[in-house]
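Below sits a lone chain in structure tokens, taken as the form predicted on its own.
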């Protein structure tokens, strides 16, 4: 295995998802090919990229959308990674066994090897985000996978809001933490809460980059899905930030595009020397973090 490059050229595929999974797969392949031709080393697709966001409804028929890992989609992506010489993060609705399904992401190395699968750990259940109906929480913990471009950590969407997940992934040695995402506005709330919701989403991930001294990249889908008088407006705005939390590149709210950024891994060392948060952690004092709540304890 060759030495990882000092600079990772990352590309985030912000795409609109159709009803037909075959069309979404073809669109993703086209955008991956374009990104690789433009020099990307690491390419990340959005959460559940192959389907519309079906979790707006509880419908047993939607389980038919799931597929195994490895399976047809991942095998095709392995071929594409090998042909294009890129590392891919491919989120998918995974059928692990009969009645056992996960919201997952496959990590595929530039030689086409399937190096790992991350299964979403935090599962939401909110209006139009009925994920607990479909997904079993992941059971493999928080990982960072060695690839030809460096150690890549993967978390998925709702995981974004939990500092423990980002910290444990960083402690595993992740240099880049990627968040495949499907997040949007309820149209009737957008005028009142939309700006604050988006800013909070962006801010918390930039904070993960700062407190852990790593690069963070979040890739979202875009467009309206669901009924015209309801549904979700996926807000796009995919972005990459550095260990200072500075945004290096960001997409629009309303169109498909590929977000490119160059990640100079030497900045991780520079930031951590000056902000040595890992050095100053009080690992002897955090035991209560494993409790659900401690405000009602003596």
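Quantities reported herein were computed from a predicted structural model and do not represent experimental measurements. Residue numbers count along the first chain shown, from 1.
This protein has a second form, the form predicted in complex with another copy of the chain, left out of what is shown; the following refers to that one.
K.L.:
Taking another copy of the chain in the predicted complex, would 124, 193 and 196 all count as contacting it (heavy atom within 4.5 Å)?
P.N.:
All three within 4.5 Å in the predicted complex.
K.L.:
Under a 4.5 angstroms heavy atom criterion, identify the one residue in 114, 110, 168, 80 near another copy of the chain in the predicted complex.
P.N.:
Comparing distances to another copy of the chain in the predicted complex, the residue within 4.5 Å is 168.
K.L.:
May I ask you to choose, among 145, 130, 162, 101, the residue with a heavy atom within 4.5 Å of another copy of the chain in the predicted complex?
P.N.:
Comparing distances to another copy of the chain in the predicted complex, the residue within 4.5 Å is 162.
K.L.:
Look at the stretches 218 to 226, 69 to 77, 197 to 205, 82 to 90 and give the one with heavy atoms within 4.5 Å of another copy of the chain in the predicted complex.
P.N.:
Going through the listed ranges, the match is 197 to 205.
K.L.:
Would residue 188 sit within 4.5 Å of another copy of the chain in the predicted complex, counting heavy atoms only?
P.N.:
Residue-level check for residue 188: no, no contact with another copy of the chain.
K.L.:
Taking the shortest heavy atom distance, is residue 244 within 4.5 Å of another copy of the chain in the predicted complex?
P.N.:
It does: once another copy of the chain is placed as it appears in the predicted complex, residue 244 has a heavy atom within 4.5 Å of it.
K.L.:
Heavy atom to heavy atom, is residue 19 within 4.5 Å of another copy of the chain in the predicted complex?
P.N.:
Result no; residue 19 lies far from another copy of the chain in the predicted complex.
K.L.:
Quick one: is residue 135 in contact with another copy of the chain in the predicted complex, heavy atoms, 4.5 Å cut-off?
P.N.:
No, residue 135 sits far enough from another copy of the chain in the predicted complex that none of its heavy atoms falls within 4.5 Å.
K.L.:
What residues in 8 to 37 sit within 4.5 Å of another copy of the chain in the predicted complex, counting heavy atoms only?
P.N.:
Heavy-atom contacts within 4.5 Å come from no residue here.
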